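One chain comes next, on its own, written as structure tokens: the form predicted on its own.
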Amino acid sequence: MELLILNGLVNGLIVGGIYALVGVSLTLLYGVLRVVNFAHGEFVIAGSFLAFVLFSSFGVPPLLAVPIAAVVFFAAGWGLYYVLIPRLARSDDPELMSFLMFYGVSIAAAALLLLLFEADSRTIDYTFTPVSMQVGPIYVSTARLVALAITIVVSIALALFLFKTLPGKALRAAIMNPEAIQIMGVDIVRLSAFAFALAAALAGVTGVLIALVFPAFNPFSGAEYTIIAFIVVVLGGLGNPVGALLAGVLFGLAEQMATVFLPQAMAQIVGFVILVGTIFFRPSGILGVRFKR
């Protein structure tokens, strides 16, 4: 039993790190743009398919696919912002319209992935040497440990960017009070485009990590990660990137530990129980931060 618990903790940290990146990229969008991106999961899975194409067609290993996905999705996000978001600003209710518009985007993206890759589940047949490594008394897949290391590096880099650089501080200020930073002379449109592109880049990188950690993915997997992203965002606090990082890890640990103590069918509802409980008892999220709207 002790080995099962330890295995659940290790896998919970690995999966939780991925959930944290899924959530933080979505919370950046909502915090800065007040955009409810219902297509976020499709962006993530598109990153998985990009890694699959790079490896199967060009022999690019998953580690090299990480920076490629970041650059490709950053550029795509920057362009997509100017195609979609300015039209929302002219709406009477931008948040509701963003939900409806991105719901349509999610359907279109899933249909495009289905057209390109069909409904079959795909996997990246890439193995590290050694295949597994010993962590205390248990053995963990090297691919999962590599994914955890990348997640930690990306999280630290993101934290340093948000707290130590001028653009990062501007993003945090935009989350707290977008009107005030415009008075200070910040170009909110350009900053919003950067936030959208950064969120897309994080989604693409997360998709590559998902292809490493999980055995398979398909064009319909996006909806699952959209739900996970919303759970993490609500649990961490709306618009709070640090809260999303913490919430993702806690959610991953709770989900993996539930598989140890509960039947498989019951373990799958843990995320929804956590979401409902958070809304009821701490609607501002686990950090309890309320941002000015």
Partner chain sequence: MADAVLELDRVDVAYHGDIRILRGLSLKVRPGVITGVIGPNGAGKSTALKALYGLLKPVAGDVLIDGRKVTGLPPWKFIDNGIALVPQQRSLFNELSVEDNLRLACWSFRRDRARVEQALERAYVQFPMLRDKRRDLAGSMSGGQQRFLELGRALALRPRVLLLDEPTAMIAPRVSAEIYEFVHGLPGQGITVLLVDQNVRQCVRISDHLYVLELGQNKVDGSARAFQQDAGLRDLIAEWVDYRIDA
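Source: prediction; values computed, not measured. Residue numbers count along the first chain shown, from 1.
The same protein also exists as the form predicted in complex with its partner chain; that form is not shown, yet it is the one meant from here on.
Contact here is defined as any heavy atom lying within 4.5 Å of its partner chain in the predicted complex, and by that definition each of 169, 181 and 186 is a contact residue.
The closest heavy atom approach of residue 176 to its partner chain in the predicted complex falls within 4.5 Å. Proximity of residue 92 to its partner chain in the predicted complex: non-hydrogen atoms within 4.5 Å are present. Residues with any non-hydrogen atom within 4.5 angstroms of its partner chain in the predicted complex fall in just one of 151-159, 126-134, 188-196, 204-212: 188-196.
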